[in-house]
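Only one chain is given next, in structure tokens, and it is the form predicted alone.
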């Protein structure tokens, strides 16, 4: 469903990604782990072209989506992304935040957009908060609205960039639960995370990155129970 080959990216002459590959099958959940500065978030941003790779190729559902001629608005409808920060519009209620792209990008009439948005809010357990303004929602609820906004566009793949890192510890569980539900429903997902329990229990494949390269990858038992690389073993010892 999603394939990246030999992705390189540098900032100010410093290589942040050094020829990284990533293969994600349909309905697969891939979790990317690694220390800060390893290139995880940059890789995710390259996948949906928020950052332009210096070289390499990206394919979505068999179609090349790297290069100058790609419709980026169309690509980002197919590659939903949830960020560390919620990025909700403070002057719009939850429903308005979810319907905005449906109306402005997909050009749907308000009644149809509202219907899709209500279903998306229902999926994340927030139908009852459709009229709530972001300032009245907890951080966990705001992040779940952001997830609803992404899934409302019916993407082929969902990208999550450390979606719980900005949350207080007691609010993490609701977002993780929502992601588990999406996983159970068969959503194709790429998740950059430090939530090792989620990666162990929900991922089909775990990728460990360090210093801009893929150091190890495999199913969760192989990664967590018998780390195949000393850098991975060191990381797991530190974060656990």
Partner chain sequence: MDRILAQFFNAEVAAQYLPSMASGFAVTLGLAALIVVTGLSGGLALAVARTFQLRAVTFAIVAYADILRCLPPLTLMFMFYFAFPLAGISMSGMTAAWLALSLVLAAFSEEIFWTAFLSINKGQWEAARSTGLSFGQTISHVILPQAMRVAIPSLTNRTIAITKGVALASAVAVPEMLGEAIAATSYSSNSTPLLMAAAGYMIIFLPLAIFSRRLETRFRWN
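Just so you know, these numbers come straight off a predicted model, no measurement behind them. Numbering follows the first chain given and starts at 1.
FYI, the form predicted in complex with its partner chain isn't displayed, but the following is about it.
Novice: Can you check 93-101, 123-131, 166-174, 110-118 and let me know which stretch has heavy atoms within 4.5 Å of its partner chain in the model of the complex?
Specialist: Only one stretch passes the 4.5 Å heavy-atom test: 93-101.
Novice: Although its partner chain is absent from this view, report whether residue 187 comes within 4.5 Å of it in the model of the complex, heavy atoms only.
Specialist: No, residue 187 is distant from the partner.
Novice: Using heavy atoms and a 4.5 Å limit, would one call residue 76 a contact residue for its partner chain in the model of the complex?
Specialist: Within the cut-off, so yes.
Novice: If you check in the model of the complex, is residue 193 within 4.5 Å of its partner chain, heavy atoms only?
Specialist: Taking the distances in the model of the complex, the answer for residue 193 is no, it never comes within 4.5 Å of its partner chain.
Novice: Does the 4.5 Å heavy atom contact test between residue 154 and its partner chain in the model of the complex come out positive?
Specialist: Contact with its partner chain, no.
Novice: Would you kindly say which of 215, 50, 70, 202 lies with a heavy atom within 4.5 Å of its partner chain in the model of the complex?
Specialist: Contact residue from the list: 50.
Novice: Does its partner chain come within 4.5 Å of a heavy atom in each of 81, 89 and 135 in the model of the complex?
Specialist: The answer is yes; 81, 89 and 135 each reach its partner chain.
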